[in-house]
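Taking the form predicted alone, here's one chain by itself in structure tokens.
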């Protein structure tokens, strides 16, 4: 049993920790890098750097949480980059006409609609494999990105140029209750809901069974079609929330700003231990994977590693994580 499938409520023993380390060498490697950075670079343990890490956490974690359900069901969603870009520009441009609150709601509704459209396209096309879903959602990412570009004519929209109140975005970025920002509270609420759905409901079990074996799930009476629509709706809506958090942090909306999150979300989910072939995963461990990925990026930046090398390392980590997971599945099947 991998770390991603360990019962969170069970007793944690020394053997459990040892098994988690053995099953997650990438997690161990990133953790060691973070430890080394904390000794080599004094800025790593400062309050300003911690604040920077927390701010980077926002958008990626929402996208990764949605991606977790998609991958657990044996599919993939490459459209989230386009969705984030589209939601961002729509939200910012609607602030003056209808106000900040309604603009955010419309933006989230756009993300949900994109997710539902993805699910509908996959169902109507009969695409029941991850490869088919990959190409369909990649195509939809191009569509959403193109719509975002046409909507604003390729012009970056600045939140600070809004003539009406934008205090809600300020609150999402830095305001809140005590030490928690509104975005942090949104994350905790989303995580709690998704955890309950995954671990305590029939819907969550249906998603996992769909990813494990679609034919067996169908024979067992699992509503495959409903599961597909649900996972893409969740992914679209959470990507939209991530877009709102991103706009609040950078105070602008660019029609291409969501592109990097497409691969980063997949990497965070895989590093967190979710099986890329589906049938196994955990939203809690996705949080761990996301945090480790952000810490990795932060450590490399503080150590002065070139951005080109960082891109290469992310690719190597993703390939290595997939290779290790595939090798693990093959050894279990023997």
Partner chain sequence: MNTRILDSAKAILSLQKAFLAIILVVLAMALFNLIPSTRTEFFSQLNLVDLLKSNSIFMILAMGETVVLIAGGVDLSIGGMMALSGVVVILLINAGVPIPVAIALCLLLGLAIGAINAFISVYQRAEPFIITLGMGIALTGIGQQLTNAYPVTSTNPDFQNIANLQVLGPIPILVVVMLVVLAGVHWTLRSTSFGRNVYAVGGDYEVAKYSGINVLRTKASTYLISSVTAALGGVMLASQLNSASSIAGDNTALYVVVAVVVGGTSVAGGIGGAIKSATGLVLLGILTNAFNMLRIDSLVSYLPTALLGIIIVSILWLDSYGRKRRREAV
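Residue numbers count along the first chain shown, from 1. Model, not experiment: these values are computed from the prediction.
The same protein has a further form, the form predicted together with the partner chain, not shown here; the description that follows concerns it.
Stretch-level contact check against the partner chain in the predicted bound form with heavy atoms at 4.5 Å: of 85-93, 193-201, 129-137, 107-115, the positive one is 129-137. Every residue of the trio 142, 263 and 309 has some heavy atom no more than 4.5 Å from the partner chain in the predicted bound form. A single residue from the set 164, 124, 160, 167 has any heavy atom within 4.5 angstroms of the partner chain in the predicted bound form; that residue is 124. This chain is displayed alone, yet in the predicted bound form one of 101, 154, 221, 97 has a heavy atom within 4.5 Å of the partner chain; that residue is 154. Shown alone here, residue 315 lies within 4.5 Å of the partner chain in the predicted bound form, counting heavy atoms only. In the predicted bound form, none of the heavy atoms of residue 182 sits within 4.5 Å of a heavy atom of the partner chain.
Taking the partner from the other structure, the partner chain in the predicted bound form has a heavy atom within 4.5 Å of a heavy atom of residue 150. Using a 4.5 angstroms threshold between heavy atoms, residue 276 counts as touching the partner chain in the predicted bound form. Of all the residues from 45-80, those having a non-hydrogen atom no more than 4.5 Å from the partner chain in the predicted bound form are 76, 78.
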